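Coming up is one lone chain in structure tokens, specifically the form predicted alone.
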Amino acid sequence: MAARSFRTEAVVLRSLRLGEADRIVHLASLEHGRIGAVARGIRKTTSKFGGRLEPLSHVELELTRGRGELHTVTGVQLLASHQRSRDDSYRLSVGLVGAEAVLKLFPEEEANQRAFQALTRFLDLLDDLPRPTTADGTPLPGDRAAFEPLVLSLQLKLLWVAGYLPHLESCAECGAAGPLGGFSARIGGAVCAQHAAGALPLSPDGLQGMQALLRAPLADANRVGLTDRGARDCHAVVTASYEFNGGFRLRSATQG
């Protein structure tokens, strides 16, 4: 029989109010995959958990197994607060897109070390992410977060880990080398003109940008030269992949 209590390293993906003083936290854990848990009394000023279970927090938890799907948090050690990301509206928006991607792509209580490591690396990089600006230095609005190269790179890598990596090197239908001008989630990748009926339009900037993001580590996402059109094409491909393979869209990627 499994031990009643256990410890795990985890990232808080989402936090929901429960009753007068409690919260339900959805977690990505290193050893156990997706976990749901109740943090009792966390909204009281005297809570022993303090602000350690905010979304994006990287923690080590002590949990007591529940009879159903929800466990109970009994202890929290903060490994990285990522407060800098939560205190900046743009970084927070980017971070929530990444967190929701993990939440939706990996819903099972099954360990996935590669996905967890990609998420924690993403959050470490997010703390120092500069806000994009116009040519005159004016910060761009938060609704640009879904097109941020760092979070697009994370999502492509998560699709890879989940087994949904788009085929981008040749036509996914006939194998032709190109030119490739569309993307079909049903077929599973980029397609040539002959098989582009019903496919998403895909520009050379989008195709080359996704290939570059997949080759580069997360730390180099902002150095691949992703254009605005390339970012929009990449976002469209990721969204179509989610819809076809998982039946979901990311709410955080459509909200400013």
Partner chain sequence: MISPSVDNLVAQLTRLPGVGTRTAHRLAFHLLQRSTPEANALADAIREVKERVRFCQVCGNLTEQEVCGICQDPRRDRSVICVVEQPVDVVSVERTAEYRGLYHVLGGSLSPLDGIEPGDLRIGELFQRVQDGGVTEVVLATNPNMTGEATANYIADKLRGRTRVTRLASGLPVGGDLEYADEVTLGRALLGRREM
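This is a predicted model, so every value here is computed, not measured. Residue numbers count along the first chain shown, from 1.
Beyond what is shown, the protein has a form predicted in complex with its partner chain; the following relates to that form.
Report task. Answer with yes or no whether Glu62 is in contact with its partner chain in the predicted bound form, where contact means some heavy atom within 4.5 Å. Result -> Result no; Glu62 lies far from its partner chain in the predicted bound form.
Query raised in the report: Given that the partner is absent here, does Arg86 sit within 4.5 Å of its partner chain in the predicted bound form, heavy atoms only?
Result: Close contact exists here: in the predicted bound form, Arg86 approaches its partner chain to within 4.5 Å, heavy atoms only.
Query raised in the report: Quick one: does Arg23 come within 4.5 Å of its partner chain in the predicted bound form, counting heavy atoms only?
Result: Although its partner chain is absent here, Arg23 would touch it in the predicted bound form, with heavy atoms inside 4.5 Å.
Report task. Consider Thr72 of the chain shown here, and say whether it contacts its partner chain in the predicted bound form, taking contact as heavy atoms within 4.5 Å. Result -> No, no contact at 4.5 Å.
Requested in this report: Let me know the one among Gly41, Pro217, Pro201, Gly50 whose heavy atoms come within 4.5 Å of its partner chain in the predicted bound form, would you?
Outcome: Only one option qualifies, and that one is Gly50.
Query - Single option in Leu119, Leu92, Ala146, Cys171 placed near its partner chain in the predicted bound form, where near means a heavy atom within 4.5 Å - result: Spelling it out, the residue with a heavy atom inside the cut-off is Leu92.
Query raised in the report: in the predicted bound form, which of 177-185, 77-85, 161-169, 148-156 comes within 4.5 Å of its partner chain (heavy atoms)?
Result: Selected stretch: 77-85.
Query raised in the report: in the predicted bound form, do Thr8, Arg67 and Glu109 all reach within 4.5 Å of its partner chain through at least one heavy atom apiece?
Result: Checking in the predicted bound form: none of Thr8, Arg67 and Glu109 is within 4.5 Å of its partner chain.
Query raised in the report: Going by its partner chain in the predicted bound form, which residues of 195-229 come within 4.5 Å of it through any heavy atom?
Result: None of them.
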